[in-house]
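Just one chain follows, in the form predicted alone, and it is written as structure tokens.
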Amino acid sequence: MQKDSLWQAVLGEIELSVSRGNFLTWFKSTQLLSHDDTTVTVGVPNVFIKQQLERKYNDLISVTLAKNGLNPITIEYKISPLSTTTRAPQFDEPIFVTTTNQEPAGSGAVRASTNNSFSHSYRQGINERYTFDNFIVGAGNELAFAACQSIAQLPGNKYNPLFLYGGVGIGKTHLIQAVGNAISKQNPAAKVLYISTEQFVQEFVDALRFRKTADFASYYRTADVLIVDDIQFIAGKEKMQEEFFHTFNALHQGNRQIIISSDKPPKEIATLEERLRSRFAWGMSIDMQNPDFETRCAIVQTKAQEHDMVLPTDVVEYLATNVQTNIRELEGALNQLLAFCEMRALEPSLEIVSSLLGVSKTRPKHLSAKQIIERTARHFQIPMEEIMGPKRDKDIVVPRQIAMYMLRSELHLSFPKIARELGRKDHTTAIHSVEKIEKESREDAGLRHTLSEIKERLYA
């Protein structure tokens, strides 16, 4: 099996196990240099990443290698010049450098000059792989896709800001970076900045520490396009929110495009200042939903083709059926299958994929009615006894109706069975509850987000 394919499969699984910031910092720039029956050698760009992988992530890497057919006695980490595409933080040196002309999107590079602008030694550029052409459009994301294409043609003129929100692993990051890539291709001179909120906050903290806040502000407020991922992590950080407020105002006043992603709508981000909440709603807010079955099938087929592989229809449908809430997990399951088959020179089949993946992590067969009711009660912070009790208070009735809907949608229980599970005698209550939640979820983005959160925690 090719080393690159194997290591990409390993990285795909690791990305699901660690935070996005940790993956980008410690894993993204690594590569598999060699492997045999006893030793695996991993190339890393510097000593800091080498030490972190040895001390903190060695067990995770070992377990993930085993899942993909390698069981080395030892894992060696070797500093390799070929791994230096991304530089990790140099914790023992100042992290501010000066930059000249804006680097092309996707380079993530840093250059020294006499111009006194601000940059950071571990900022991540836009990933050039994320384009509109390889984004799979379905019912849950077609509005977001259309809005992003419109912005790419006339940035700053339409839908400013654009605020995309939805659950994890549904393509928000891909789509917002696709806008940046399209704008940069159309206008290479445009200053297009992409940054995760985690990195944005870290840069601001460092700017305060090294008294470089003016450079920090100047860098971001002169952007033509600012793309900020996972803005929910700004909640509760008062100084950071104030700085972002002024950056937002400066860009918006200059008709510069702002694109933001989050796991929830602005009104549901706790401890977010009201002035930011209102500004996030100025332009267009779009709820990106989980991909439907047909879209998941298309994603599996497209990703398989990228590996020069055509999968049988029953294998595609098995993956799409068993991994339903997260595109990253779907891609991880596919990578695991392809790596396993390539290692053993096998053709992917339904028998192999079912035995390899077993019961999907996101759709466990042992899920019970009690677990669904308990998770729903916990989400709303009410005792399970009350959700199953006789109380008719609104703060009890709505969670009870949602629990009934979940029992119907996830376990396909009959209405009499649902009523019994919730301690009701009349099954017409269950019918009314399920129909009510079905109808309201089509119109209420907040309710859809609640249902999605409960499902994600059920299948975590």
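Throughout, we count residues from 1 along the sequence that is shown. Note that the structure is a prediction, hence the values are computed from the model and not measured.
Same protein, other form: the form predicted together with adenosine-5'-diphosphate (ADP), not shown, and the subject of what follows.
Interface residue among S184, Q336, T173, T197, judged by heavy atoms within 4.5 Å of adenosine-5'-diphosphate (ADP) in the predicted bound form: T173. This chain is drawn without adenosine-5'-diphosphate (ADP); in the predicted bound form, the residue among I299, I372, A178, L311 with a heavy atom within 4.5 Å of it is I299. None of 165-173, 344-352, 375-383, 69-77 except one has non-hydrogen atoms within 4.5 angstroms of adenosine-5'-diphosphate (ADP) in the predicted bound form; the exception is 165-173.
Proximity of N134 to adenosine-5'-diphosphate (ADP) in the predicted bound form falls within the 4.5 Å heavy atom cutoff. The shortest heavy atom separation between R256 and adenosine-5'-diphosphate (ADP) in the predicted bound form exceeds 4.5 Å. In the predicted bound form, I327 approaches adenosine-5'-diphosphate (ADP) with a heavy atom inside 4.5 Å.
Taking non-hydrogen atoms only, E317 never approaches adenosine-5'-diphosphate (ADP) to within 4.5 angstroms in the predicted bound form. In the predicted bound form, not one residue of 49-73 has a heavy atom within 4.5 Å of adenosine-5'-diphosphate (ADP). Compared with the form shown here, the Cα atoms of E435 and G167 move at least 3 Å closer together in the predicted bound form. Put simply, A146 and E438 spread apart in the predicted bound form: their C-alpha atoms are 3 Å or more farther than in the form shown.
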